[in-house]
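To begin, one chain is listed below as structure tokens, in the form predicted on its own.
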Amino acid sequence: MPDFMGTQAINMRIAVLSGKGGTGKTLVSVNLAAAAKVSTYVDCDVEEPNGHLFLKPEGIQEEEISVRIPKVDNELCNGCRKCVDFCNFNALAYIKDKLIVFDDVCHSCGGCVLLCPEKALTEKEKVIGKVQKGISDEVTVWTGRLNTGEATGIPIIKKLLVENSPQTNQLTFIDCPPGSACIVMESIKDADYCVLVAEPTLFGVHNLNMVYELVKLFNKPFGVVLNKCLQEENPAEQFCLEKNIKIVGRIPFDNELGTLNSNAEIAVNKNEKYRELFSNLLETVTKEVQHEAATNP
């Protein structure tokens, strides 16, 4: 078994991305965390977290996450509508001589409170979700959960990542939301390395290109894992070759692996061939991070 906890391999944050759901992002994330043994897994897919289904953490601790939203005192409001004109999210409206706040679309910027000349707006706390912490063998599991209908999960992701500043002699795996929107940007901004998971289809290439453009924008070192590989032409592999993108691993299209994944089982704990597969992938990724640190200190 390779030693992932050598002095050069400490304090790594490895983010795992994909252009859409179902590509294999969580499969890769949870199995890398399990292969590393002593590690931290952070599920930033706050709208639909599912890493906990695989890792089954125990001793769950929970904390609610709140944001501040405007609260109006209509006795002080003179109907100037400056706050209404200011809000780009249309979270405020002045109707029938009364200022209305639409909590569900407010992005908690606080600008309206600062702008109000009559000091008619103050702020109140609104719970938007929670973070949970538990333990699965030697893996510390953090999960973010956004309440249904909330505008953004960024405050929850920020809390998850602040709580998970790099630990000595420990790898942190960040299971990002799918796609390339703001919540993904928040998830990768402090990552040391990004793993992009891709499927062997033309649609898979489209989704791969989304996250490829994102990590380039953030100037993050990265490599691609090709999932569901068959013994035939792979458009995602061809894309990597054309763009000179490093392929750090290949996961075969495998009925047994698919069954384990469907049953929310950690593959590396069930079969030695999968432990070897993900351990080799982890060794490759850690060497890539070490090389990047050595060449770009």
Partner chain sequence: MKIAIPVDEKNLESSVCVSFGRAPYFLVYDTETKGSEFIDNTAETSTGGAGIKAAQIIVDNKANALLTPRCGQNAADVIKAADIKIYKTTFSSIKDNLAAFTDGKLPILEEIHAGFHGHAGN
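Residue numbers count along the first chain shown, from 1. Just so we're on the same page, rigid core means the largest C-alpha set that superposes within 1.5 Å between forms. Since this is a predicted model, take the numbers as computed values, not measurements.
Here the subject shifts to the form predicted together with the partner chain, a form of this protein not shown in this document.
S.K.: 127 to 135, 85 to 93, 72 to 80, 219 to 227: which one contacts the partner chain in the model of the complex at 4.5 Å, heavy atom to heavy atom?
M.R.: Selected stretch: 85 to 93.
S.K.: Can you tell me whether Ser165 touches the partner chain? I mean in the model of the complex, with a 4.5 angstroms heavy atom cut-off.
M.R.: Ser165 lies outside the contact set for the partner chain.
S.K.: Is the gap between Glu150 and the partner chain in the model of the complex 4.5 Å or less for some heavy atom pair?
M.R.: Yes, Glu150 is a contact residue.
S.K.: Could you run down 96 to 111 and flag each residue that has a heavy atom within 4.5 Å of the partner chain in the model of the complex?
M.R.: Lys96, Ile100, Phe102, Asp104, Val105, in sequence order.
S.K.: Verify the C-alpha shift of Gly179 between the shown form and the other one: is it 2 Å or more after superposing the core?
M.R.: It does not, since the Gly179 C-alpha is displaced less than 2 Å between the shown form and the other one after the core fit.
S.K.: For Gly134, state whether the C-alpha moves by 2 Å or more between the shown form and the other one after rigid core superposition.
M.R.: Shift at Gly134: below 2 Å after core fit.
S.K.: Can we say the CA of Lys159 moves by at least 2 Å between the shown form and the other one when the core is superposed?
M.R.: Comparing the forms between the shown form and the other one, which are aligned on their rigid core, Lys159 does not shift its C-alpha by 2 Å or more.
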